[in-house]
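As a starting point, one isolated chain is supplied in structure tokens, in the form predicted alone.
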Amino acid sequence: MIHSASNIDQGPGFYVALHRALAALFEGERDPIANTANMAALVFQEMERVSWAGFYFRRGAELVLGPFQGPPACIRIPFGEGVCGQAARSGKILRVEDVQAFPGHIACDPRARSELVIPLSVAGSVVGVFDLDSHVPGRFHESDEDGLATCVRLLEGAVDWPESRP
């Protein structure tokens, strides 16, 4: 297990250990479901005050729920809507300190207060997103954004992705 100090800003040491753990999980495995499931489980287990961690994959004009850890979630999100859909459309990371103030937020969990969404790209095309929620406002920091973006880049290179279906 990777343990951090009690401060929510988990910092670079935490992410160095997380990246090593993910690389070990991905070693010798190229399946997208297996690797996304393990990544969601590891991040959910190791990050403090995260209420949901998982993936949505692009299927036509929607994002469809993939492997995750946490309470049941929205199954389909229209591309371009909510935090996940907007991150997927723009191809840019979205870190939202207060989702209740985010225009068009889709409340899968009414207790969620902050969110971090990192697009997954294959050959320059967004094929999905990695989504994290917290019941704590302002939970996610720049260090989380940077550290988790590196996790997503590790995942992108560790999977034989099926053909994208935008």
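All residue numbers refer to positions in the sequence shown, first residue = 1. Everything quoted here is computed from the prediction, not taken from an experiment.
The next section is about a form of this same protein that is not shown, the form predicted together with a small molecule.
The small molecule is not drawn, but in the predicted bound form it has a heavy atom within 4.5 Å of residue 56. In the predicted bound form, at least one heavy atom of residue 106 sits within 4.5 Å of the small molecule. Mapping the unseen interface onto this chain, residue 88 falls outside it, with no heavy atom inside 4.5 Å of the small molecule in the predicted bound form.
At the 4.5 Å threshold, heavy atoms of residue 73 reach the small molecule in the predicted bound form.
In summary, the region of this chain contacting the small molecule in the predicted bound form, judged by heavy atoms within 4.5 Å and restricted to 31-39, 106-114, 137-145, 119-127, corresponds to 106-114.
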